[in-house]
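In structure tokens, one chain follows: the form predicted alone.
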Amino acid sequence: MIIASNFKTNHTRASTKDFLETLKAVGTTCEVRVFPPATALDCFALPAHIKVGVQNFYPAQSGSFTGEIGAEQVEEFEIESVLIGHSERRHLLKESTELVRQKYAFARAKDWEIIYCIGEPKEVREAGFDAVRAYVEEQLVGIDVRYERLIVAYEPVWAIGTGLSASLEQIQETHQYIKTRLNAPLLYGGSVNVENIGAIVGLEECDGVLVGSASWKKEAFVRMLEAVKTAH
């Protein structure tokens, strides 16, 4: 079971260190991933089941890409876990499908662990499940779904940061379809919180969660890990 926290534009180096120190003291069988902002990265001494990753990177070792971080900066902190394709990068920051695919190919060549995010906007969900399936399928075009270090996160755009999680039936139906396309671990993301995480990870087709705002406080994240333990 994989439990991941995406800090987005939150936390500092000091608060990230404090967060991780708290997690080190928690007994869990889960694989834990934490994605701080780039300014909070550091060389953290962590047990094997906890890994720090980056929320974003430019697909280059280094170069003239103002405002970006490349592999040179990522590797300084011995990081090898990356998020690619998050809906906020695709929709809010207008990251193109072409760039998403370039990032994926670059990370794969680096042998990094990839959490690849896919998911549909509200108008597609409202058009019916055939539309959802076609939208998800398009996001998998040009992506090597057989890559051994791939983790996929299904995050319906309409449920991210809205407080509105997809229903268990919607998650199960979509996960069942995605599982026909790949063998990678499959996470759910979209307004996951302490109250609903147990039911979500209890679904047969769910291998974990990618959590946003509900995981930013260390006490809440610890409660999530405890809820997962109880659910299993």
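No experiment lies behind these values; they were computed from the predicted model shown. Note that residue numbering follows the sequence shown and begins at 1.
One more form of this protein should be noted, the form predicted together with phosphoenolpyruvate (PEP), which is absent from this view; the next part is about it.
Phosphoenolpyruvate (PEP) in the predicted complex comes within 4.5 Å of a heavy atom belonging to Ser191. By the criterion of a heavy atom within 4.5 Å, Gly161 is counted among the residues contacting phosphoenolpyruvate (PEP) in the predicted complex.
Although the partner is absent from this view, Lys229 stays clear of phosphoenolpyruvate (PEP) in the predicted complex, with no non-hydrogen atom inside 4.5 angstroms. For Ser213, a non-hydrogen atom is located within 4.5 Å of phosphoenolpyruvate (PEP) in the predicted complex, even though that partner is not displayed. Segments offered: 30-38, 169-177, 196-204, 182-190. Contacting phosphoenolpyruvate (PEP) in the predicted complex at heavy atom distances within 4.5 Å is 182-190. Residues of 118-134 are not found to place any heavy atom within 4.5 Å of phosphoenolpyruvate (PEP) in the predicted complex.
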